[in-house]
Ligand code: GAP
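Just the one chain here, laid out as structure tokens, in the form predicted alone.
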Amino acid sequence: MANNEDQFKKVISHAKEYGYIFGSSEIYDGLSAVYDYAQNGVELKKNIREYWWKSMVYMHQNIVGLDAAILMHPKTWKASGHVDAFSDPLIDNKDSKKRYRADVLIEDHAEKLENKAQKEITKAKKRFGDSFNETEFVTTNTRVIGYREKKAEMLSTMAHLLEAEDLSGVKALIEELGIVCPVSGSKNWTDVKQFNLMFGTKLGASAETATDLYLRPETAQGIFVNFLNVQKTGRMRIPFGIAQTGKAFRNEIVARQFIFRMREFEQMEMQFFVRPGQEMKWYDYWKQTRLKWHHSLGLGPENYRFHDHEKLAHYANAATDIEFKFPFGFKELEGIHSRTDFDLKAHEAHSGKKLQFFDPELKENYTPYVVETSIGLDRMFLAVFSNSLQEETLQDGSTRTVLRLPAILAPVKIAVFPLIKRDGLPELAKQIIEDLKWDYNVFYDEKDAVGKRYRRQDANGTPFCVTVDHQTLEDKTVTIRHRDTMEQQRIAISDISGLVAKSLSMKDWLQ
């Protein structure tokens, strides 16, 4: 665990040192759980958003985009259930005065049992070597079975208590499990209370006439209220989807783990409208399609798993998370939900406007069902960044820090260096940049020895470095160096763009 904590500290400090993420308004001592994306961070974030958008909108003829406003009519949030039901169960520790989400405390406690099960599996792997049959072991080993049964029972009990809104039962469960405050180590807990997560704001010129509004806590409702507008103007036929990326705001009780849980964050969501009765077919389709998208980035299939929800939201008939192995363990990265017709029917009831589709094949009107895929852009950023940051021991015994970002997402694609700062080399390097900058984000550096410059770009995640030397003046060739292998090759200046383009083909990555 300590190693994971150390790794996470390195991720946070590296993100600042290399211009990826700064604390918000840092000169005023910052703002809790609010962050700014710096010069490299904004590029990585944009590239992730674009990779999602192209795969979601451009690769599907029946999915279109939308950018709805952050401020919406307050009735929207009444209809969606957010005014009455968008809350988290909170509990305070009387000794540390720290506040926690009660469900997260229980989930973290349950995860310790899974870690114990994994330790048993690892020990057995070492003991039996190549002859180890993991499937047989986990289904027959009494310890592993016991840990996992306890974990399932714990989460199931919590889900039933939360569904029944039995908050005193949730507190009793925390006490029964002997859960202690991570800070004080004490079991001195307050009662569990519900806490609404929406930020309120005002619209109007004066306090007396101002309308109470909310900053949107999710981007999905902007899609639902525009369902008919998009369907009619786009002449869309079911099944079809509407995709959107944008900011959302939640007054999180415990915002923590860097950019994993923030109060201002960005979502990438797609709502897919289907015939009633066909939602489970599409739910399965989107589960597999989204997992394939994650795998396409090459972060390792072992770092992903599905986690089906024990407690379903009031609008869902099926829900799962794609969890990713962050430095602090497996946590939710993307949610896939079958939302039934809850949202459209609720907006129909509150607005008095029909939100139905006339199906020419069935020759009838109906309210479509919805399958949702929703991913946090900031969480995706953290998944990519934390997985890519690696310390590597080289053949000569020295080490290097390398940020192995998928090349298609890297902020800077090519760094161009003159070997020395004279003899016309800087001028020639800048000419090369003038040509490349039309297609790529390119960086120029002439400070320090070339080896040091390579190391800086390794740590920054730049996939290619181009060095201009005296031979370049003679035969118009340069040295191109590959970040991951450190391999160097001599190529013509005119071939740089083509070589880089091959490694950045969206088609190759997504297929």
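Treat the numbers as computed from the prediction; the structure is a model and nothing was measured. Numbering starts at 1 and follows the sequence shown.
Same protein, other form: the form predicted together with this ligand, not shown, and the subject of what follows.
Chemist: Among 374, 388, 244, 340, which has any heavy atom within 4.5 Å of this ligand in the model of the complex?
Modeler: Residue within 4.5 Å of the partner: 374.
Chemist: Ok, 290, 151, 250, 325: which has a heavy atom sitting within 4.5 Å of this ligand in the model of the complex?
Modeler: Flagged contact: 250.
Chemist: Can you pick the stretch from 348-356, 229-237, 262-270, 107-115 whose heavy atoms fall within 4.5 Å of this ligand in the model of the complex?
Modeler: Single hit among the candidates: 262-270.
Chemist: Would you check, heavy atoms only and a 4.5 Å threshold, whether residue 413 touches this ligand in the model of the complex?
Modeler: Judged by the heavy-atom cut-off of 4.5 Å, residue 413 is well away from this ligand in the model of the complex.
Chemist: Indicate whether residue 332 is a 4.5 Å heavy atom neighbour of this ligand in the model of the complex.
Modeler: The answer is yes: residue 332 has a heavy atom within 4.5 Å of this ligand.
Chemist: Taking heavy atoms and a 4.5 Å cut-off, does residue 92 contact this ligand in the model of the complex?
Modeler: Although this ligand is absent here, residue 92 would stay clear of it in the model of the complex, with no heavy atoms inside 4.5 Å.
Chemist: Taking heavy atoms and a 4.5 Å cut-off, does residue 88 contact this ligand in the model of the complex?
Modeler: Because no heavy atom of residue 88 falls inside 4.5 Å of this ligand in the model of the complex, the answer is no.
Chemist: At 4.5 Å, heavy atom to heavy atom, what parts of 215-251 sit next to this ligand in the model of the complex? List them in sequence order, or say none.
Modeler: Counting only heavy atoms within 4.5 Å of this ligand in the model of the complex, the contacting residues of 215-251 are 218, 220, 250.
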